[in-house]
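There is one chain below, alone, in C-alpha cells, taken in the form predicted alone.
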C-alpha cells in the first residue's frame, strides 16, 4: 500500500511536469502573431527586392480580373487628404496599342530596325495610363505612390511591369497622336503623367546596383 501511494504520487508529479512543459512549448497568441508578422514582413521585403523593370513581355494579355486586383491595390495607396487626385485608364486593346505604335514608328524610323520591337510600350500587352490633377500641387506624388502599389502587387502575382514616361510624352506632344490621346478621355484639368506596362515577363534582368551613400541619418 505504501508503494502504491508512492507510485501514485510519482505519476501525479510526472503529469504536472508534463503539463507545465506542454504549456511552455505551446505558442501563445502573442508568439503566434509575432511569427506571422515576421513571415509577412519577409515576404513583403523579398517581393520588393525581387522586382525588376521588365522590357520584354510574352504576348498573352493579363486578364482583367487580375488587373482589377492590381488596380485596387493602386487606388488604396496613401494620398494627400484622400483627394485621390488621379485618373486611370487601362488599355489592353491591340488595335489601340498597335495603332499608336505605328504613329510612333513613323516619327521614329529607327524603331522599325529592331527585330524585337513590337510596340512602343516595351511590347507589353496591357498599359495603364495615369493622369494627375494639375490643380493639386501634390498630385504627382500621389500618382507615384499609386503606381508603386500597382507594380508591387503585380510582382507578387508573377506579372512584370515597367514605368514609362516617353510614350506619354510622345502622345501629348505629337499632333498625329491626338486621336489616341482623345480616346483615353482624360478629364478636364488633368494631365497625362506616365504609364505602366504590364505583362508576363519574357526576360529575367539582373538587379542594377543602388547607391546607399545617398542615404544619411541625421542626429
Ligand SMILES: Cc1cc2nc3c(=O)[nH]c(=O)nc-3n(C[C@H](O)[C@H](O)[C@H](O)COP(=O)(O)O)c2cc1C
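Keep in mind that this is a model prediction, so the values were computed, not measured. Residue numbers count along the first chain shown, from 1.
The form predicted together with the named molecule is left out here; the points below concern that form.
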Query raised in the report: Taking heavy atoms and a 4.5 Å cut-off, does residue 163 contact the named molecule in the predicted complex?
Result: yes
**Report entry** Contact of residue 58 with the named molecule in the predicted complex (heavy atom, 4.5 Å)
**Finding:** no
Query raised in the report: For residue 183, is any heavy atom within 4.5 Å of the named molecule in the predicted complex, or not?
Result: no
Query raised in the report: Would residue 191 count as a contact of the named molecule in the predicted complex, using a 4.5 angstroms cut-off between non-hydrogen atoms?
Result: no
Query raised in the report: Taking the named molecule in the predicted complex as the reference, which of 47, 174, 53, 66 has a non-hydrogen atom within 4.5 Å?
Result: 53
Report summary line: Assert contact_stretch over 152 to 160, 66 to 74, 165 to 173, 39 to 47 against the named molecule in the predicted complex, heavy atom within 4.5 Å, equals 165 to 173
Query raised in the report: Even though the chain is shown alone, can you say which residues of 198 to 219 have a heavy atom within 4.5 Å of the named molecule in the predicted complex?
Result: 208, 210
